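Shown below, as structure tokens, is a lone chain in the form predicted on its own; questions about how it binds or moves come after it.
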Amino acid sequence: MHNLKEIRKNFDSFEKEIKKRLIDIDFSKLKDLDKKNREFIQQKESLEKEKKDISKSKDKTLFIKSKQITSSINDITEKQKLVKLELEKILSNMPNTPYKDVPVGKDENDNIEVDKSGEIPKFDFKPKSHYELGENLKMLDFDLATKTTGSRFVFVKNKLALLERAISNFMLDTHILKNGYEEISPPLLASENTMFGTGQLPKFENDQFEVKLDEGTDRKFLIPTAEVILTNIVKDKILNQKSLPLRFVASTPCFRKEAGSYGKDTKGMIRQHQFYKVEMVSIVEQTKCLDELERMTNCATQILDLLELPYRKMILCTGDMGFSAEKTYDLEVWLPSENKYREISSCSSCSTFQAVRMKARYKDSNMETKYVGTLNGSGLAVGRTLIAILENYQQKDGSISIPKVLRPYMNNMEKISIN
């Protein structure tokens, strides 16, 4: 969330940066509301001073005037409340400003490839999709999930369920033992305030699954990503600079309505309402955000390298970045059945944008209180990694060769087949 005092310092420059996000925001209204709010503050301060002077004078003839002043203050306070609500509504729906090297663009077509890695497999047969492979193995069951739950869910069975768990455990072990992340097993429900802190609310409420609890309790939501709950660990805290950086990792189910995705990826596991993801979160000094973004992205690419999956690294344009991000790298894995790369990880620096919303701060060496920088990244999306392994490691007979690095997690199994 943006600080009005900072915006005010160079309003035109701020407006120019936000417009790069291609979001329709009424800046003249924002300016007008800010002006009205400050006028109300000045009026209240002037009236409060006048009332205080009357009180000091102890002149009883001014008693009626004092009551009139109180009434005027109350009237201004009510008007100011409405103005502040309008201000907060605009500010809470305004995305982060992009970092200077982020390309300006409208959508995914304007993202720029930074790097490419791995060998694209060559088959002497027509490669099948992950859902064809899984259904032929009788280990992915979409029809049963539709009967029990609805569309965009799946039953993962038998050896593929073991593979899914192996992927998650391998990723966790790598990030904990090699990359220095602290494992967290967090709650899967988040409060309204927690969802606001990381930017899911209010703008993206339609994409969240709300859970109805007892009447009168705070609103609760199933987490759309562990980023929400892990980042909010530092909510309302003032940390010691020496404790930074903090690095957390969690493997959790994630829940999204996928609002606006009607007709997209209706077959298979690419776009589900429920999926597993290993999520990394870093809390750092603001000046170290961009270095940490490179580090975090390298932690994600390390997983793909170890799995020997072909992928490319993209820098997202201003129009395709997430709401809270100042800069984002997407990692896209090769899917033979589609003959193209698909997103498997997204790593973002949010600078102090989320920290302002969460009131997450630290004391620097001069004992000054500053907002922390926050980052989040998939390390990786488990379901999409399962998809990538099925498709890239498929054999002519429909069996799946297991990546070498995962075999110790699967009782040294080398292949998954129908028999």
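Keep in mind that what you see is a predicted model, and the values were worked out from it rather than measured. From 1 onward, residues are counted along the sequence shown. In this text, the rigid core denotes the largest set of C-alpha atoms whose superposition between the two forms falls within 1.5 Å.
What follows is about the form predicted together with the RNA, which we do not show.
- The stretch among 5-13, 19-27, 405-413, 392-400 whose residues place heavy atoms within 4.5 Å of the RNA in the predicted complex is 5-13.
- Contact check for residue 369: a non-hydrogen atom falls within 4.5 Å of the RNA in the predicted complex.
- When the RNA is considered in the predicted complex, residue 206 lies well away from it, no heavy atom lying within 4.5 Å.
- Residue 32 falls outside the set of residues with a heavy atom inside 4.5 Å of the RNA in the predicted complex.
- Although the partner is absent from this view, residue 36 stays clear of the RNA in the predicted complex, with no non-hydrogen atom inside 4.5 angstroms.
- Looking at 20-59, the residues that come within 4.5 Å of the RNA in the predicted complex, counting any heavy atom, are 38, 41, 42, 45, 48, 49, 51, 52, 55, 58.
- Residue 367: CA moves less than 2 Å between this form and the one not shown after rigid-core fitting.
- Remark: with the core as the superposition reference, the CA shift of residue 339 between this form and the one not shown stays below 2 Å.
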